[in-house]
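As structure tokens, one chain now follows by itself in the form predicted on its own.
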């Protein structure tokens, strides 16, 4: 059986009007004759009754004293309610459907409550329902341990549920429906000229997601890439095809593909830069610094190691603890708060001369200081003041011609 997996986020199932749009996509997909599995998130966002953050607020008012196991029991309810509500709508419209929890759908996880990892997926129950002609609606974001405990998969867990089920079912496609028209070249709330991308590689979108773009979870992309399952990121509220995510080799065969150096930009704000440098640094300075961070659960990023010391960044929420630990080691760090990490991402930049020069030129022309930088084969990161973040993103977007993406594609398709 050829299967499609559709995943709908919280805004897509938040109310009756939104669920009618979901219904339209389901009806259209059923006309293809494929089996259909629909993965849903909890309804809406904080403040709406069944949203995940609203459920968390129920226990925060009691001092957040609920153990991790019981917290997962609570959080799993949001997706179960969504699955049940959508199944009710489908059946009322004459579309046979069945709702399953993540565990009932065959998702087996380890016992790390709150951030469980999927160990296995047994899709036999799903296949049985598909063979009887039903749409299978699965509560995302959750699974079940081998001894029957309910677990949740952490933020972005419904994306992970969808691609894991897609891999187990050897799906033809996993459609990730959200409230934007696919993957854009930058955050449109900051960059006015951000444009939708018709096709990107797994590697590019994984880097964009890991570096702050919130369209899809990077773990979900990794699962799809390993299984060779294409993903489309689409809008629930339109009929557009959105953005296709596939292998880099397949990307080049898509209509309208452009051989581009840079694909898009991503960013994180709320970042603190820490610098520990000494004229006569002890040989183990770097080891002592990073061992202290690791032992206290502080994630470090944008790392530059030199004989005289280290520069690195932490989340702003970890600043006080990180500084305290460094002072306990006898170091007096230089602390620069209110920074933003910008990521320039593109599969075509590997070995391409002049990319860093263009970044520096674009920011220098706007009198924006680069506080730190690092790079990989497909990404260059720069640290700037958070106050200059928006201006820096606009400058980089223009410098690499990302605002031309849509018009160039349309011209190429017309030809």
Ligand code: ADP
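None of the values given here were measured: they were computed from a predicted structure. Numbering follows the first chain given and starts at 1.
Beyond what is shown, the protein has a form predicted together with the ligand; the following relates to that form.
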{"property": "Any non-hydrogen atom of residue 179 within 4.5 angstroms of the ligand in the predicted complex", "result": "yes"}
{"property": "Contact flag, residue 214 vs the ligand in the predicted complex, heavy atom cut 4.5 Å", "result": "yes"}
{"property": "is_contact(residue 188, the ligand) in the predicted complex, heavy atom dist at most 4.5 Å", "result": "yes"}
{"property": "Close approach of residue 45 to the ligand in the predicted complex, 4.5 Å, heavy atom", "result": "yes"}
{"property": "Interface residue in the predicted complex among 99, 339, 184, 126, criterion: non-hydrogen atom within 4.5 angstroms of the ligand", "result": "184"}
{"property": "Selected contact from 208, 153, 231, 139, since only one has a non-hydrogen atom within 4.5 angstroms of the ligand in the predicted complex", "result": "208"}
{"property": "Stretch in contact, per heavy atom within 4.5 angstroms of the ligand in the predicted complex, of 82-90, 170-178, 139-147, 285-293", "result": "170-178"}
{"property": "Partner contacts in the predicted complex for 1-31 (non-hydrogen atom within 4.5 angstroms of the ligand)", "result": "7, 9, 10, 11"}
